[in-house]
Every structure is written in C-alpha cells, then in structure tokens.
Ligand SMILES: N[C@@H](CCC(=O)N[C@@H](CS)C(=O)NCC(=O)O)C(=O)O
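Only one chain comes next, encoded as structure tokens, the form predicted on its own.
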Amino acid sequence: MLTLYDHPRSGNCYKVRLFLALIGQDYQSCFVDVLARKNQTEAFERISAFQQVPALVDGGLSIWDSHAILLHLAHQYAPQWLAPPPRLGAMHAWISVSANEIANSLQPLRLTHVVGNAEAAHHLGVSESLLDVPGMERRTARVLGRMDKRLAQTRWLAGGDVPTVADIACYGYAALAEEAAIDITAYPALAAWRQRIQQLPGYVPPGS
C-alpha cells in the first residue's frame, strides 16, 4: 500500500492526490500539519529530505517532491501518462514550468492570500519585508499568459490527443488560481483546459 504524506490545502499535494485518483491507485493518506511545524522532525526528514510535503512511501522507497512523485507513479503504475518520444521533451519542459515558473509566481501568490504574508514569508524562507507580492502578480500574469497561448494551439501541454503528467503538474496550482485572486476568464484557453481535466474519469476537486 502506498502512503502519501499530505496536507489538504497544498497544491503540490493536490496534484499527487489527483493523479492517484485518475490512475485508480489506492493509497493511505498521512496528514502532516505543516502550519504547526510537524514536518520539521528528524523522523520526517528520513522520508522527505527537505521536510516538505508531499512525500510518498512505496514499499521500501521514499520519494519527495511532487514532480518526482508524479513521474514515479507514471513509470510504475500508469505509463500511458508519459508522452511518447516525439513529445517527451515537451512533457518535461512543462513539468519544469510547474517546478520553476509556477512555483515562483502563482504558488507563493496564492499562499499570501491563503495564510497571510507573515506565514507565507516563513514558508518561503524570507523576511516579510522582502516578500515581493507585486512581483509575484507580474510573474503570475506572465506564466498564465504563456500557458494560455500554448493551450490555444493544442489541447494538452505536451501536445497530442491525451494528457500527460505535465498537465497534472501544472494543473495543481492552476486549479487554485481563484484563491490567488486571479480572474481565470482572462485566460480562455487555460480555462477550457481546466474544464477538460475536470471531465477526466476519476477526477477529484481540490480539497478532496
């Protein structure tokens, strides 16, 4: 049985829960209260090197980082979610967008709205005075604009007729855009892509 170390409000945890639901893979969830710093223990560090959620235990293997977990699950249980060689590079490029551009824009911007600037600064490892919310807003508009442009050209981020793990990686926080005070109607192709994901068999919404 897989064990997912999880927090219900985390977008990174949500993308893993969503993927597990889409591939029909059973797991048990272990709640980690990161707001109460319950992740900052030596025991949890043995599971997750940076004491972050999500983390997955699969047999004797511990995997941390949401994108590493998604790729592990796809390789191990759902290879149909991996792009074939002609589109493999595009899949990895959009996973990188999730790990970099989204993680440095929409993800922290949403955090400031959900937990406030002081708690967001703590999780981001900066002082509150250095929290650049206007910069987050500009970067968020840029990355959502680029995603919208891509999705106006193709149904799925890596191209092709079916989604890949890249779509789930980027969807995790795109699904929560309204919690960052984003008007998703400004990005019609991205909004349509979100609806396509919501129509996939096994889909579960954020918070579930």
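Position 1 is the first residue in the sequence shown; the rest follow in order. Keep in mind that this is a model prediction, so the values were computed, not measured.
This protein has a second form, the form predicted in complex with the named molecule, left out of what is shown; the following refers to that one.
Note on the partner interface in the predicted bound form: the residue among I63, L144, V34, I182 having a heavy atom within 4.5 angstroms of the named molecule is V34. Shown alone here, G172 lies farther than 4.5 Å from the named molecule in the predicted bound form, counting heavy atoms only. Shown alone here, V165 lies farther than 4.5 Å from the named molecule in the predicted bound form, counting heavy atoms only. Interface residue remark: T112 is not counted as part of the site for the named molecule in the predicted bound form, having no heavy atom within 4.5 Å. At the 4.5 Å threshold, heavy atoms of R139 stay clear of the named molecule in the predicted bound form, well away from it.
Heavy atoms within 4.5 Å of the named molecule in the predicted bound form map, among the stretches 174 to 182, 46 to 54, 22 to 30, 153 to 161, onto 46 to 54 alone.
Contact residues in stretch 100 to 132 (any heavy atom within 4.5 Å of the named molecule, taken in the predicted bound form) are limited to Q107.
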